[in-house]
Each structure stands twice: as structure tokens, then as C-alpha cells.
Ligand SMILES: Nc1ncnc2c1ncn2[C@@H]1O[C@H](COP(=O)(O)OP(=O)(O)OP(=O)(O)O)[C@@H](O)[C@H]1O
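We begin with a single chain expressed as C-alpha cells, specifically the form predicted on its own.
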């Protein structure tokens, strides 16, 4: 039995959401909340009817399995071919995968699972063929809240499958936690990113590719009109993420901003231009080296001001929400600055945690936010991307998965 694992981080938008659709720059960053995938490849059996592919989703406590013979029959595939070149999922293949999912009779309340299961079956059978195995997935990321949960799923899944296929290997640098996670070389990360993007297309239709890029490569990036620029953060940035638990319709929010822009073209052009300036300044600030407490505090104050301005402009776009405003008012009582991240209309809110803020004050902030039934996560921004755990990994005792 071959065993391996991979983990990939979620992401936040530090500046520029919505305006980026209209040509402005935006800044995204990885966070140290992860989705983890482990894979146990089972030995091939003479009796094909006895072999299965199993997917265990720990967080919703759901398990799915498919007989390998049935996968071959429906998908008309046996061995994976050309895994070093990521291929899109053809309409015919997607229709075949849909037939496999119909056999599970997924209830209407869980219909959101279908896209993720389709991406899983496509990635697994494209990279490993119809080999029997068990994949286990767990995540720190709340789903559908703007933290890149689907991209982290696709990146970690692509990473573990390509590792099992022998085309992705660790480069030996152990990541900071001493948990057996190892870093991956740039060329291998590029391959993982291309496969993950194909999975994201199944889930989202026309994704930008930003989420999977941040999840794969980590750190921070500036993106504008399709161009990505890697940013090197010289000092750790800590954020409190508040999940309002309010669901939102991203497509409707994006469309609403576009409609407002068409009704008030000059005013909204000014708003988008201001957001672009904020994103460009955020990009410069995060790369500044601050070597003492005074410099660090100055840097954080500038970043907080830019976040505050960005939030005001997002309110101008009409994408705030009463739950977001509650977070803003609560954190402002403690002289902390917050902004929404992602589509808005609910979802998650970022609060900058100054280096000099005491743990006691932070605990009070979290307690008050949680009294509103919100959920809080303290994260470090701009960390590692995909990491893998190979071969005889001894961390399958619950620490990894």
C-alpha cells in the first residue's frame, strides 16, 4: 500500500476585489489555513469487482465509492496518459462523470457537492487512471466564504495525485511546523497549478486562476489584467478572519457592481481608479523591510489606512452587508481596522492585528465577535503554498489528515 499526502492553503484578497474585474490591480495572499488530502493506493486485485475508489470527506462526514470496473466502463479509460500535460475535461467526459454521480442519488441539500465530486473524479482518473485507492480530505477552511476553499481542494488533490504518479517530488526543505511536510520545486508547482486550474474550471466554469495560483505557490501576488506579479513580504502580517456565516451569491454581487458602473460610469470609474491606487500602494508596503518596532508599527498603520479606504470604496460599490458592518463596528471599538474580503454580501471580513496588540485585547475582540454567532480565525498572511508528505509518511495518525 502506497501512502502520500498534500496540503494547500486558502487565500484572502488584501485589496482590489470587484474593481479587478474592471481593470484595477488586486492583491491576494495565502493564509495558514489548509485543505489536506491523503491517498492510500491499494494493490491491484485479480477480481476487479472487489476493487474500489473511495473518497472520504471528513468535514461533512460523507463517503463515496465507485467500483473500479464501473469507472472503466463509464469513462472508457484504464490507465492515465500524459500526466505531465494538464488537459481540460471534455464535455463528453463531464457527461460521463455526471452519470456516475447520478448513481449516488445526492440529495438536493447536498447538491453543491456535485461539482467538487466531478472535479475529483476527473483529476483522479486523468492522473492515476482507474487504480483502486482511498482519498481522505479534511479542511480548516469554511466553504463558500471567499477563502479559496475550492482552489485549496483542487491544488491539494492535484498535488497528492501527481506525487503518487511519481511526477511531483519534494525538494527536501521541511516547512516550519516539523510535521513532515516538505516543499515542492517550481516546475512541479507549475504542473500542479495547471491541473488544479482544470479542476477549478469544472467547479466554477470560468475561474480567474488567481485562487489556485495563490494556493499552489503561496506568498502574495498582485494581479492586474491577467498579469501576475509575485510579492515578497519582508515582515509577517497577521489577520483576524471573521466568518459571518452569511452565504452570498458571488455572480449576483459581481453583476450588481457592473450594473452600478453602467448607471454611474464616471463616478464608478473614479472608484475603480482609487482602488487601483490602493492595491498598488499595498503591494509596495508589504515588500518594505521594517527592522524595528517603530518601522513595523508605521508599516502596519499605513496598511490599516489603506484597508479602511478600500472598505469605504467597497461600500460605494454596494457589496457590504449588515453582518459585515457589525464586524466593522465591533473591531473599531478596539481601534482595529477591518475590510471585507472576496465578494462581500456576507462571507468573511479581515481585521489587521498589529504586532503590538496584546493577546488580552485580541481575546476580547474575538469573544465579542463570536457573541454575534460569527466564527473567528487568527492567521498569518503570505506563507507557504503546496506541501507534500511522501512515501512512508508517519503522519497518518490524524495530524495530517
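Residue numbers count along the first chain shown, from 1. The structure presented is a predicted model; accordingly, all values stated were derived computationally and were not measured.
Although not depicted, the form predicted together with this ligand is the subject of the following passage.
Q: At 2.4 angstroms from backbone or C-beta atoms, do at least 3 atoms of this ligand clash after superposing the site C-alphas onto the pose in the model of the complex, making the site blocked, or is it open?
A: Open: no clashes with backbone or C-beta.
Q: Wondering, does residue 143 line up within 4.5 Å of this ligand in the model of the complex on heavy atoms?
A: It does: once this ligand is placed as it appears in the model of the complex, residue 143 has a heavy atom within 4.5 Å of it.
Q: Since only the chain is shown here, I'm wondering whether residue 273 would be in contact with this ligand in the model of the complex (any heavy atom pair within 4.5 Å).
A: Taking the distances in the model of the complex, the answer for residue 273 is no, it never comes within 4.5 Å of this ligand.
Q: With a 4.5 Å heavy atom cut-off, would you call residue 345 a contact of this ligand in the model of the complex?
A: Contact with this ligand, no.
Q: According to a 4.5 angstroms non-hydrogen atom cut-off, is residue 137 in contact with this ligand in the model of the complex?
A: Yes, residue 137 is a contact residue.
Q: Heavy atoms within 4.5 Å of this ligand in the model of the complex: which stretch among 203 to 211, 128 to 136, 282 to 290, 327 to 335?
A: That would be stretch 203 to 211.
Q: Among the candidate residues 41, 57, 365, 357, which is the single one with a non-hydrogen atom no more than 4.5 Å from this ligand in the model of the complex?
A: By the 4.5 Å criterion, the partner-contacting residue is 57.
Q: Considering non-hydrogen atoms and a 4.5 Å limit, which listed residue (149, 310, 323, 193) is close to this ligand in the model of the complex?
A: Exactly one listed residue reaches within 4.5 Å, namely 149.
Q: Which residues in 231 to 268 have a heavy atom within 4.5 Å of this ligand in the model of the complex?
A: Residues within 4.5 Å: 248, 249, 250.
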